[in-house]
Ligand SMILES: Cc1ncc(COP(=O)(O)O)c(C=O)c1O
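Shown next as structure tokens: one chain only, the form predicted on its own.
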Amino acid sequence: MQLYNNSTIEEIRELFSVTNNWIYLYNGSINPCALPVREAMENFLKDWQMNGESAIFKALNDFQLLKEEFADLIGADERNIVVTESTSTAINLAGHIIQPLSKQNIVVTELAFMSNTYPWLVGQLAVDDVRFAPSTAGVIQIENIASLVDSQTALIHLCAVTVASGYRFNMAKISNLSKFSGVPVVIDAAQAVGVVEINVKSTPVDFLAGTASKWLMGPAGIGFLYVDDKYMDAPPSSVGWFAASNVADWDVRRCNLYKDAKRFQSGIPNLIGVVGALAGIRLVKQIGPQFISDRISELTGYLIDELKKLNIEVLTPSNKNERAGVVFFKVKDPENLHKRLRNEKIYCGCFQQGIRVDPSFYTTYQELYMFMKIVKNYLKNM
């Protein structure tokens, strides 16, 4: 059943010029730029062009506001937020704070994204034993993760919503696993924040990484990391003037690090990304987080139901509490189907022998009808 009237959706769609060129169904990958985000970044560039340094100071104020917005989205305090250049950077920062030893093990899942495994496989954070919890039909049981944890486990690293099936973890169970095992948990929330509720106070975790892009409507190149209070005395992996509480003293012989997450900020951030990210989050709040969550849940639920009618292998759970904005299914020769969809100006993802579809709140039912029509014709002609 459709929950929202067409006039509301049409008004929202006017903010997304991509709808004039594509049926855009890959919002959990690279989101299209909304008009308010573009305007915010253009205004910053114009201000910088015309006024130089004063524009930078205005954007640094937006930087502080952005930290507050990131914190508000996950039920955290601003003092626990580090602004990073990406989710990957945030994950690596968490790793450097934990400092796993090479002889230890790290537990991930086989539905992880590359950024969730590569830091532990190569480079300074690599360990000898990376353990992959198995999945069954796109779902990973908490018990399978817990069975891999032992006294030598340095950390557990999970996606709140997996990119390879759209499965959504129960954050309360993850939080309890960390509590009872004593092993720190690093959460990649890039596919969760902006679609489903995440609250680090009600379901505590040690670290939570995310991005301003995807479901938060901001540009790529800006991310964040939540750092639990217990790590506030950890040495930063890199240090710059932003990390020093005494920077105003101009004392090059002494650096007093901040006592909160600001100690992990090294220098001036990507300011054009900052103003764009702030505009994206404000847009999300203006449209309404509950509206967005309900709308995306409704659209993904419709897609799953329609795909299952075709006897297609759908890896994304039907239960709305076990999914977010990603729908992943498998067909024979998915590259061919993907090519046909692109030819019809339908933009979605294709990897791991399947098709991924990420409708957003501005997606219409008519667009999903057209997507399903091509899928049905493809299967009929195979």
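Note that the coordinates shown come from a computational prediction; the quantities given were computed from them, not determined experimentally. So that there is no doubt, residue numbering starts at 1 and follows the sequence shown.
One more form of this protein, predicted in complex with the ligand, exists but is not displayed; see below.
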Worksheet item: Should T109 be classed as touching the ligand in the predicted bound form when contacts are defined as heavy atoms within 4.5 Å?
Response: no
Worksheet item: Is T300 a contact residue for the ligand in the predicted bound form, using a 4.5 Å heavy atom cut-off?
Response: no
Worksheet item: So in the predicted bound form, does F242 come within 4.5 Å of the ligand, heavy atom to heavy atom?
Response: no
Worksheet item: Can T153 be called a contact residue for the ligand in the predicted bound form at 4.5 Å between heavy atoms?
Response: no
Item to complete: Could you spot which one of N80, S86, N270, S293 gets a heavy atom to within 4.5 Å of the ligand in the predicted bound form?
Response: S86
Worksheet item: From the list A190, V274, I281, A94, which entry has a heavy atom within 4.5 Å of the ligand in the predicted bound form?
Response: A190
Practice prompt. Please determine, with the chain shown alone, which of 156-164, 227-235, 120-128, 308-316 has non-hydrogen atoms within 4.5 Å of the ligand in the predicted bound form.
Written response: 156-164
Worksheet item: Using a 4.5 Å cut-off on heavy atoms, which residues of 332-351 contact the ligand in the predicted bound form?
Response: none
